[in-house]
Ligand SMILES: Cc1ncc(COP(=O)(O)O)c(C=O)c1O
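Only one chain is given next, in structure tokens, and it is the form predicted alone.
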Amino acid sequence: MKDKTKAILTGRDPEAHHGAVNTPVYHASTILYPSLDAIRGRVPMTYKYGRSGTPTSRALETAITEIEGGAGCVLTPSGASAVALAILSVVKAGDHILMVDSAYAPTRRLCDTFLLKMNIETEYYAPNIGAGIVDKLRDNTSLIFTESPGSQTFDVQDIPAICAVAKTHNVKTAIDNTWASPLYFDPFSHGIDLSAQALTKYVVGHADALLGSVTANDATLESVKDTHAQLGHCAGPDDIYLALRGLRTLPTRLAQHARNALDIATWLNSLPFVQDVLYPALPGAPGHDIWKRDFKGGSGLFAVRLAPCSEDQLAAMLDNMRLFGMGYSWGGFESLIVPAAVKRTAETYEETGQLLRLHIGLEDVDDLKADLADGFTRAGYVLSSSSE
């Protein structure tokens, strides 16, 4: 089956639920055993305790596994917890890990605080390093963590090249695959061992639930499951149900997000005060060639760098938007805009202009352009007559 069909069908079993199309929400902590043999483990039980799974969680895990192409999947309470689980599944005290310099801010905080206390050293590397990652490897390097496109600047990494080096040196690889979702990037066909996602974003799709997932290949699945169990990670059944429901419309929604984003990115690229549009799906944008080679589609998230403006000018724009809200998330049906800041430690990064992160929702693009144009005008930017 194609991925669009998998998104509709996988994880569903109407016959097991009296014909209901959708898997019901199972609220369960205690699971009752039918006999002493069962509780002693002499009779197999599909479900043993609510934390270790219910039909609701199994449905979503099965679906994510099928679409993403891994050997198995576990669910976590958030995207940040999924990233932490992926890392903790393969590292130990004394290890060295390589983390992409454009990583999600909570991932960087995890490395710089929690992992540091565990005597795990993090070294940041430039996103465009590709096969040059080999020069960063040490005898105690256990993991290379990637995020493509990266946060804020949307750098596209050469994942196949990095994975080829990692496999040669017996180093595990992981990716934050939230931007593309399981539909638009196949991590395991490109060589990745572990894929973490914030299902909060496009899979849930309605800005009303927190959820994460870690999908693993055969070599890492048991370690992921064991770490997941020992940490007591479990997600709430209602949030899982919302993700299951969101998954069924993900192909349609994500395609529309991508169309709207490309339309607006193209328009922004024509404005005289726009320095850069950091959207890899836009022809000519940084990373476009690798994106076109490795990805099946885009999403609604990207950044735009404007000519410098004052804090008062920025407030005049952002405080009065009609359609674009300000909020630190994305992937829902609504459009969002936030000021962005770039932190880099692996290489010198010169911040020029005003960077804004946009999530393009499902509204009419002409209405979104009008809202942005009004905001630019309030900030003192002058739109040329051809772009008004």
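Just count from 1 along the sequence shown to find any residue number. All values reported here derive from a predicted model rather than from experimental measurement.
From this point on, the text means the form predicted in complex with the ligand, which you will not see here.
Stretch in contact, per heavy atom within 4.5 angstroms of the ligand in the predicted bound form, of 87-95, 172-180, 256-264, 217-225 = Selected range: 172-180.
Using the partner position in the predicted bound form, report whether Ser78 sits within 4.5 Å of the ligand, counting heavy atoms only.
-> Contact with the ligand, yes.
Answer yes if any heavy atom of Leu211 is within 4.5 Å of a heavy atom of the ligand in the predicted bound form; otherwise answer no.
-> Result yes; Leu211 sits at the interface with the ligand in the predicted bound form.
Heavy atom of Ala198 within 4.5 Å of the ligand in the predicted bound form = Looking in the predicted bound form, residue contacts with the ligand include Ala198, since a heavy atom lies within 4.5 Å.
Looking in the predicted bound form, any heavy atom of Ser151 within 4.5 Å of the ligand?
-> Contact with the ligand, yes.
Consider the chain as shown here, without its partner, and state which of Tyr124, Tyr184, Tyr241, Tyr104 has a heavy atom within 4.5 Å of the ligand in the predicted bound form.
-> Filtering the options by heavy-atom distance leaves Tyr104.
Looking at the ligand in the predicted bound form, which residues in 24-47 have at least one heavy atom within 4.5 Å of it?
-> Sequence-ordered list is empty.
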